[in-house]
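First, one chain by itself: the form predicted alone, in structure tokens.
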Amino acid sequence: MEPFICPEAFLKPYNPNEQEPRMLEAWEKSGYANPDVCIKRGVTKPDAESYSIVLPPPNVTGTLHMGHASMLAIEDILIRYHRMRGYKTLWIPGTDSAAIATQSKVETDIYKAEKKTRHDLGREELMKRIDAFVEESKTTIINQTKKMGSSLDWSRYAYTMDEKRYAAVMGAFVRMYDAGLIYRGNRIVNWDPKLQTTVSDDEIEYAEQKDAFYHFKYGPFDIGTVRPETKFGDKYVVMHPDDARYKEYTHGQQIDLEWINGPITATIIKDEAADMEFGSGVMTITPAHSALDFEIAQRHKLDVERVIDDRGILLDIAGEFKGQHIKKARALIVEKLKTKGLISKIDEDYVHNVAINSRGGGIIEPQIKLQWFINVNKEVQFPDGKRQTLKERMREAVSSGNTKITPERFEKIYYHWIENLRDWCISRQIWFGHRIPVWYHEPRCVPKPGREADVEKSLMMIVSATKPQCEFCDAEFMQDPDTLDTWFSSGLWTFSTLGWPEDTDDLKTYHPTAVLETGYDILFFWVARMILMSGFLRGEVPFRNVYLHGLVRDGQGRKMSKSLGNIIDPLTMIEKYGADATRLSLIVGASPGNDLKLSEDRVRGYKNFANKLWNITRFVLENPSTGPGQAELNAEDAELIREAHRIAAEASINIDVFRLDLAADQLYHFVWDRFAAEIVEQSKLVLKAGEPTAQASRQRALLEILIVSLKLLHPFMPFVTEAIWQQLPKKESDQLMVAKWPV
């Protein structure tokens, strides 16, 4: 046998900065991320089973962080694995407008540069500025996503604000309104005084804050609060009906007492919402500024009076404190209560959670506002003929097994969240986003010729995806100025990206999708919203599986933050150690739903593994086989090959049940500890002093084990494995990404 000259590339250590751009270019040229191309080129059978994932769209305002990197690594592993197994595999890319965050960012930049607000610019000019910012940001996040090796089908790229998604959002709103699910009403909402808009539950973060906790004398009762500035309107005292301490009091009983601005008459309310274990077990309520208090007031038909306006200013009910901002007024109110002898105790440094708008940083102030809502408790007919409420449908999606959640322990949390779900506020007082397709008739009515008698028939409000024209007069219809919650459009993501509301081939083939992979921190918000929207609009679940990954923390287990200076940037890690090392560091040890501790040393270690695989390949190619199946195998070498295939079978099982961490760990140890440390070392003796038939057998075995190893590692480490594949003298496919998975 003539000696094989090892490719020059293997004479030096593996260099990811040199190889990764080449592999990205080769993958893009091949078009194999598009299942239509795979079918056309005979890589995938036309009747193959489909497997699809829709990428949770990163915000156009952001850059790639470790949470994104973890998500991309997991989803790419699943996609590459199923593509190699012959599935009709589709991974759809996209980006999200992140409406509030994007508008807030652009407005802040404009004010810093020009000292102008959105009202100075006007809606049209602000939209132009935002569109320009979005285009630039989209390019950035897309390029960063590609650097992770994500084999997305970019020919199917979607953006939540593009024309097709706009049509889907408008169509969904109209259908849900016609079904009676969408209504306009006055309800308690999350109000951001800073941005002057409602905020979704999904966009609220809770930050720990230290404040004084005040104990007040409210007649014969002791009540506590961190917010004395809201208490002007408190004229109801609530206690649990089973609380034996207050059995002498009856529901509806009235008592006279002295309060902040003088004597008031308070009413006793018995309600199970009162927590007997907290403080005295008694609380006063401020229905206009607390979701819990509002619900109690609704149940008992109590008066609701605002204390604070939209800017955080105290209203007339505050008496002498009227017109003051709540932050400045608090100390003055406390001083007055002290003077009146109404403070019994103050607990300093009381730690509690404060609701903050994650998109703009403003502290949330609950307010009762006239907004648009989705009714989650109204029974409607679904496309499959069932009559259910949205909450019932959301629960059934998981309880029936149509959608499975991994890890399973999150199912109980999901059910609990569904049971406590309130009507969803979907309107926002910002300009960037999908504008609500509701139109209001102008107050004036100028009749058309011959229609004077019909003017009173003019509809004052029309819900329509396009601007309507009055049938009876020449007045204009004006569109509702509010926009839709960005989670409304995100809720349609699995099917709007596949062409809905049109009945496309993609929709028929790839929906429901195979899996929705995301962090456990947004399970109840986004996942539940998608199940809600798909259930009503499609009559099916949006995905068969939900895979929840944990948070990526620093080496000490702390949350990564700028203030701690412990952020690990995935782009920096890719530049220093390569995308393969970065990906593997996010997978090994990251069991479903559990947080992962990540350090730079950990990433560096997996760069060494990529180089180890490179060196194994050099040894195999320096001792060439005539090719798999050419030389006759002896019993020992046949067993070595069978061992590699047993590893393949076990890895497949682990991937199928979303234990990617176990599969990656197993492959790592097989290649490093077994293949490199034992098989290769023992082979050196065989190839040096063995009989020619034994040498040929071992050469064939080494090549076959290498090929199996490359295939198994490819979903986890696509760059180095593809770079090696391209140097093999004989191979079954032009790209490793479409080679057949070992069976």
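Start at 1 with the first residue shown and count on from there. Remember, it's a predicted structure, so these values are computed and weren't measured experimentally.
Not pictured, yet referred to below: the form predicted together with the RNA.
The chain is drawn here without the RNA; in the model of the complex, the stretch among 371-379, 498-506, 78-86, 406-414 whose residues come within 4.5 Å of it by any heavy atom is 406-414. Heavy atoms of no residue among Glu392, Ala514 and Ile522 are located within 4.5 Å of the RNA in the model of the complex. Screening Asn634, Gln429, Ser358, Thr225 for any heavy atom within 4.5 Å of the RNA in the model of the complex leaves a single hit, Thr225.
The contact residue chosen from Val455, Leu121, Leu662, Ala465 relative to the RNA in the model of the complex is Leu662, the criterion being a non-hydrogen atom within 4.5 angstroms. Not displayed here, the RNA is kept clear of Lys147 by more than 4.5 Å at the level of heavy atoms in the model of the complex.
Residue contact with the RNA in the model of the complex: Val174 places no heavy atom within 4.5 Å of it. Taking the partner from elsewhere, Leu292 is found to have a heavy atom lying within 4.5 Å of the RNA in the model of the complex. Interface residue remark: Asp601 is counted as part of the site for the RNA in the model of the complex, having a heavy atom within 4.5 Å. Residues are counted as partner-facing when one of their heavy atoms sits within 4.5 Å of the RNA in the model of the complex; in 585-606 these are Gly589, Ser591, Asn594, Asp595, Lys597, Asp601, Arg602, in sequence order.
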